[in-house]
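Next up is one chain by itself, shown in structure tokens, the form predicted on its own.
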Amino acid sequence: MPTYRRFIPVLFSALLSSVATHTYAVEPDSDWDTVLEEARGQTVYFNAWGGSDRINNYLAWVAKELDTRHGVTLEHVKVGDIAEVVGQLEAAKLVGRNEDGNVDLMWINGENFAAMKRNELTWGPFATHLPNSRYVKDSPSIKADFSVSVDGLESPWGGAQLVFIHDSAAVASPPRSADALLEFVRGDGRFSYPAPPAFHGTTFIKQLLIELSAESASSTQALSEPVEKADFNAITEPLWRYLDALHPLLRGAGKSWPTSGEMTRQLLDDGEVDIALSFNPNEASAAVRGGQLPDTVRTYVFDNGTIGNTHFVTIPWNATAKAAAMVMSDFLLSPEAQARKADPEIWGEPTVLDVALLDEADQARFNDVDLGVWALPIGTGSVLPEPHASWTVALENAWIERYGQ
């Protein structure tokens, strides 16, 4: 990631002044023609996870389209954990670096967005002024990010839901609840999950917590509010009791863990586990076509539903290329870009658009996407809301204290 921006020598200070005035002229609610004009010639530094070839290739296509259509250069700054970028922005805020920032756009959601909103690290409500935002679904998980109101400070990019992938040739009837999963491993079923704070592992224990506390109305309400308001020990006690019973029966016996959801998929392909985890309902379809899973795999969710959420992009308050960041955010919402992303041959992620709002030609783009039999069947299972963002770190810390190596 670049740590500075080059400045034009003093000889051209007058020119620099005029360029700087132009650079920072755009506002979140600026006329779109003004945004397009200002964006041309800018470079947008997009900080996003770089651990997937499919996603990286998709962003390479986005870069070509932005350059061709809008004269915008996209630099994908590949990061392992966006929380590190949030930390850098917090440090910049503390020292008063309120312009000329190194991050123009970032891929974010959950506790990281909550931290940015809390510390006023976002630019403004730009998302509601993007032309393609009119096609976005009217969804609770788009209006609120892990129970934190979005308020236009981030633009939706993709949908997600916790799913389980199994090989139907080995397991015909996979477990469809937390209790059934425990019985499955007690009967020599093979399973494991990534150790928190790995994202899939944290999501899995949140899923268990929601299900195990579902009988208590007070617990359900508490999960939607900041963790500081809750009796954490009382609410999480059923979770730790469950995990105490589960861990000795897992692959690795609770002493070694997969490092990611992708690793559980590899373990499934290698025949070391019977069930893999993913946060993409179409992951199996893409993996089968990529030769990473056998064509006998199928995707399912628990009978009472699984956690789902939306991931977003946001513009930091001190971004240099705000106009270009807005143009990219809008392009990521375009029916063309969303349909391409939904294709398992490309990425295979569910769209955030309400396809019914699109014209006939754009609806056809989505109708042409073939998810195959390996993806989660459309309309299967309910989507459960994420707990409040503050629960994420609290649960991770408690898990590490109990089970970390």
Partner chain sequence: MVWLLAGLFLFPIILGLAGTVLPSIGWLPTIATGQGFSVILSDPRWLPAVALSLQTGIIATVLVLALTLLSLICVHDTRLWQWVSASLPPMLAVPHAAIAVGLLFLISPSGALVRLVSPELTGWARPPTQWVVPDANGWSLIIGLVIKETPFLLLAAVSQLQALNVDASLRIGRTLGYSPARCWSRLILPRLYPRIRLTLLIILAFNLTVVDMALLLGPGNPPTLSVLLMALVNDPDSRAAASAGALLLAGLVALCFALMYLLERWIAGVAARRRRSGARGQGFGVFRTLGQGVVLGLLLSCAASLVLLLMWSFTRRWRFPDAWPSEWTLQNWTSRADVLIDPAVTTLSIALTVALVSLVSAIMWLELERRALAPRIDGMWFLPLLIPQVSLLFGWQAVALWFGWDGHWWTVVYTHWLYTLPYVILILAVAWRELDPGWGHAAQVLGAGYWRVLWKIRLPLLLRPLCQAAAVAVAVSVAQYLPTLLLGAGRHQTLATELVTSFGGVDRRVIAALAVLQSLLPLLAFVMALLYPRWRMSRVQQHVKSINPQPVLP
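Positions refer to the first chain, counted from 1. Quick caveat, the model's predicted, so the values are computed rather than measured.
Another form exists, predicted in complex with the partner chain; not displayed. Remarks below refer to it.
Undergrad: With the partner chain left out here, work out from 299-307, 282-290, 156-164, 131-139 which stretch has heavy atoms within 4.5 Å of it in the predicted bound form.
TA: Of the stretches listed, the one contacting the partner is 282-290.
Undergrad: Here the chain is shown alone; which of T259, S216, S177, S149 has a heavy atom within 4.5 Å of the partner chain in the predicted bound form?
TA: Selected residue: T259.
Undergrad: I need to confirm a contact call. Of P226, G271, P125, G71, which residue comes within 4.5 Å of the partner chain in the predicted bound form, counting heavy atoms only?
TA: Residue within 4.5 Å of the partner: G271.
Undergrad: Would you check whether the partner chain, in the predicted bound form, lies within 4.5 angstroms of a non-hydrogen atom from each of P28, E360 and A364?
TA: Contact check failed for every one of P28, E360 and A364.
Undergrad: Could you confirm whether G252 comes within 4.5 Å of the partner chain in the predicted bound form, counting heavy atoms only?
TA: Close contact exists here: in the predicted bound form, G252 approaches the partner chain to within 4.5 Å, heavy atoms only.
Undergrad: Would you please decide whether H311 lies within 4.5 angstroms of the partner chain in the predicted bound form, comparing each non-hydrogen atom pair?
TA: Taking the distances in the predicted bound form, the answer for H311 is no, it never comes within 4.5 Å of the partner chain.
Undergrad: Hey, in the predicted bound form, is R190 touching the partner chain, heavy atoms inside 4.5 Å?
TA: Although the partner chain is absent here, R190 would touch it in the predicted bound form, with heavy atoms inside 4.5 Å.
Undergrad: Is L333 close enough to the partner chain in the predicted bound form to count, meaning some heavy atom within 4.5 Å?
TA: L333 lies outside the contact set for the partner chain.
Undergrad: Using a 4.5 Å cut-off on any heavy atom, which residues of 76-97 would contact the partner chain in the predicted bound form?
TA: Going through 76-97 in order - heavy atoms within 4.5 Å of the partner chain in the predicted bound form - the hits are V77, K78, E84, G87, Q88, E90, A91, L94, V95, R97.
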